[in-house]
Ligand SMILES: Cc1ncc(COP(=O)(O)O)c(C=O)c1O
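What follows is one chain in structure tokens, specifically the form predicted on its own.
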Amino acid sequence: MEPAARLSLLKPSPIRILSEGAPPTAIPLGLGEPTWDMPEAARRALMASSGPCPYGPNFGLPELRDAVARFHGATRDEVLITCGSEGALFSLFLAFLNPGDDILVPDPYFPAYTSLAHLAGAEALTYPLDAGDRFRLKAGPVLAALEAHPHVKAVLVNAPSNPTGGATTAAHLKAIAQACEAKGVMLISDEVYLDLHYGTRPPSLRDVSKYGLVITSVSKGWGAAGLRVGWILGDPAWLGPARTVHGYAVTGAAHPAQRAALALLEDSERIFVAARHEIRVRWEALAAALKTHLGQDITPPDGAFYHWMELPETAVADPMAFCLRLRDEGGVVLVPGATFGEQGKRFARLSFAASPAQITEGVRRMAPFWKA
């Protein structure tokens, strides 16, 4: 039997291919997952689980929805709990995108954006992040793309960005929200890295507008990627169709994981302070190693834990081949920037969520490949 035709546009994630095929001694600078300890609040909640382990409501545990609503200054009716942020994206795309519809996504982009659009039968069109300003989100390219493509059904923004770490300003975000609202276009703001920053917290869509949907999860800022708990925040009229898709796909996020997520939300302030300390320590290890081994002076991203690293000239023609050689011969996993879109062809994404010792050793191993 042949696979469904919809799979013809989907390929295994290069991020996973590079990471899961790596030698056991390779330094993992590919996956974007926190390597510091899961916060104590979540561990206690998981250990305290007793009695039955029920499915729970499709919308998520009421207590967790209330905690998410308080965190965002919203109401319970505006919250749908999902299996991570990808569960949120999957549910929205399948609920609202018809075959032939267009959705605008940034370039560079998180690969799931285009893959899930294709799964829904839609076309993912891109607008550029500002390469001259560290790949930050600006309103101009989004508004220009909306004018150029009048049949766009949805716009997705992601700031701080995966893979670049670039954020945006409240003014740019507000202009995008106003344009989408005026055109009746769904606006989706992926904010999973919002609370991992190196100074001033970047703006949330909710800071500038009640229009649109916010997606986030406990995976990054709360340091609990394996819980697979995320949420969509926004107009209940948009949550209903997404809930239907999510319910049929997975029923709901795991009950014990939601209890742990609730404990994390209730301890957010302390957890975020600790998480920002962890990424700052890792950033400092990366900056010191790049200075020592490659003579490079770098500046922290606006948020997240990615360094958008320019490739050596010899690698630009075939970045994947270069990263495979770096992995198999040098023992370091990086992801070629071409995985993230047209603007990534001259870059690689380095995740410095690894331990400081791994980062230091990884850059030492990488250096000969750049110098060559």
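This is a predicted model, so every value here is computed, not measured. Note that residue numbering follows the sequence shown and begins at 1.
In what follows, reference is made to the form predicted in complex with the named molecule, a form of this protein that is not presented.
Colleague: Look at the candidate spot formed by 158, 162 and 220 and say whether the named molecule comes within 4.5 Å of a heavy atom in all three of them in the model of the complex.
Modeller: The answer is yes; 158, 162 and 220 each reach the named molecule.
Colleague: Decide whether residue 192 counts as a contact residue for the named molecule in the model of the complex under a heavy atom distance cut-off of 4.5 Å.
Modeller: Yes, residue 192 sits close enough to the named molecule in the model of the complex that at least one of its heavy atoms falls within 4.5 Å.
Colleague: Given that the partner is absent here, does residue 228 sit within 4.5 Å of the named molecule in the model of the complex, heavy atoms only?
Modeller: The answer is yes: residue 228 has a heavy atom within 4.5 Å of the named molecule.
Colleague: Given that the named molecule is not shown alongside this chain, does residue 135 nevertheless sit within 4.5 Å of it in the model of the complex, heavy atom to heavy atom?
Modeller: No, no contact at 4.5 Å.
Colleague: Do residue 114 and the named molecule share at least one heavy atom pair within 4.5 Å in the model of the complex?
Modeller: Taking the distances in the model of the complex, the answer for residue 114 is no, it never comes within 4.5 Å of the named molecule.
Colleague: Have a look at 202, 84, 301, 212 for me and say which one sits with a heavy atom within 4.5 Å of the named molecule in the model of the complex.
Modeller: The residue from 202, 84, 301, 212 that makes the contact is 84.
Colleague: Among 247-255, 106-114, 121-129, 90-98, which stretch sits within 4.5 Å of the named molecule in the model of the complex, heavy atoms only?
Modeller: Selected range: 106-114.
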